[in-house]
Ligand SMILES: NC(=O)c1ccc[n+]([C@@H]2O[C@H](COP(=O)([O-])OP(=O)(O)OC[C@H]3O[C@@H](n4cnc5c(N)ncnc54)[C@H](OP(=O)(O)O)[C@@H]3O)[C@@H](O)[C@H]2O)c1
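Shown next as structure tokens: one chain only, the form predicted alone.
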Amino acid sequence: MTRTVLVTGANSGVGLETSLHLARLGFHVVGTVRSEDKAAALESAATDAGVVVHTSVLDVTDVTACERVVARHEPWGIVNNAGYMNVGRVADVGPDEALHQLHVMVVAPMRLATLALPSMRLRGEGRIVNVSSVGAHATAPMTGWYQAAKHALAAVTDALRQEVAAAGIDVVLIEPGGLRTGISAKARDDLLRRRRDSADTAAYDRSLKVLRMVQPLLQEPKAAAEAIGEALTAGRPRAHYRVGADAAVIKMLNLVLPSQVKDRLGRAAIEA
């Protein structure tokens, strides 16, 4: 029987590459997107790639919609990928924006996982793959709320893994470094938008320069998709999959560098 995997945020970047890659591996892939237009774009990309990806329009913050989608498909596996950057100084990000990001990137993934657990327990197997970031191991200025969400997702993923292991369910965290996706363009838009009303425009100007500088160093989202594929096909998947040399380096530096040094590096990115 073909295993069904639900992939959130499937219309672009890591979600798109993952949906196509898993379909090539033989999974029955259901990619969730937030609009019919995005569903059509995903279906078109799948056709061009010569694979079949089914689509479902879903706002991951909609409790009823999440219940309906999981009940309909009873996925063997879930890839919680939906998320966004929300770049700006902590003081410039309103509480409603922060709460929405935490809902999308922490609460919603665990809601989908929780909804899928009963059918996974009945089968005695299942995989939950949460896409985090190397940002879960480091903190930098201008991305505080994004990294807060990734830190929280990493923590709750580790807790869930321990809680469901006896039921034959594997819970995996994917930790990519910098990826070349639409998130970079959204980050630029956030910086330009928040710069207009900020008391510290210089920090935004410096951040825009840093964003341009790192673009050539980013890797393609295919690398993350392949790690997700490995996590879903391995007989005994690892708890964490780091993607990219930069992810390994950043995690190591975060462990060995004193906070004073890390603070100086962070301030250098936003101060003249």
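A residue's number is simply how far along the shown sequence it sits, counting from 1. Computed from a prediction, not measured in an experiment: that's the story for all the values here.
FYI, the form predicted in complex with the named molecule isn't displayed, but the following is about it.
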Do Y146 and the named molecule share at least one heavy atom pair within 4.5 Å in the predicted bound form?
-> yes
Is T181 close to the named molecule in the predicted bound form, meaning a heavy atom pair under 4.5 Å apart or at it?
yes
Looking in the predicted bound form, any heavy atom of M142 within 4.5 Å of the named molecule?
no
With a cut-off of 4.5 Å between heavy atoms, is D59 one of the residues that contacts the named molecule in the predicted bound form? yes
Only one of 164 to 172, 125 to 133, 90 to 98, 68 to 76 sits within 4.5 Å of the named molecule in the predicted bound form by heavy atom distance, namely 125 to 133
Heavy atom within 4.5 Å of the named molecule in the predicted bound form, from candidates K186, R121, R193, R111, belongs to K186
Taking the named molecule in the predicted bound form and a 4.5 Å non-hydrogen atom cutoff, the residues of 75 to 93 making contact are N81, A82, G83, Y84
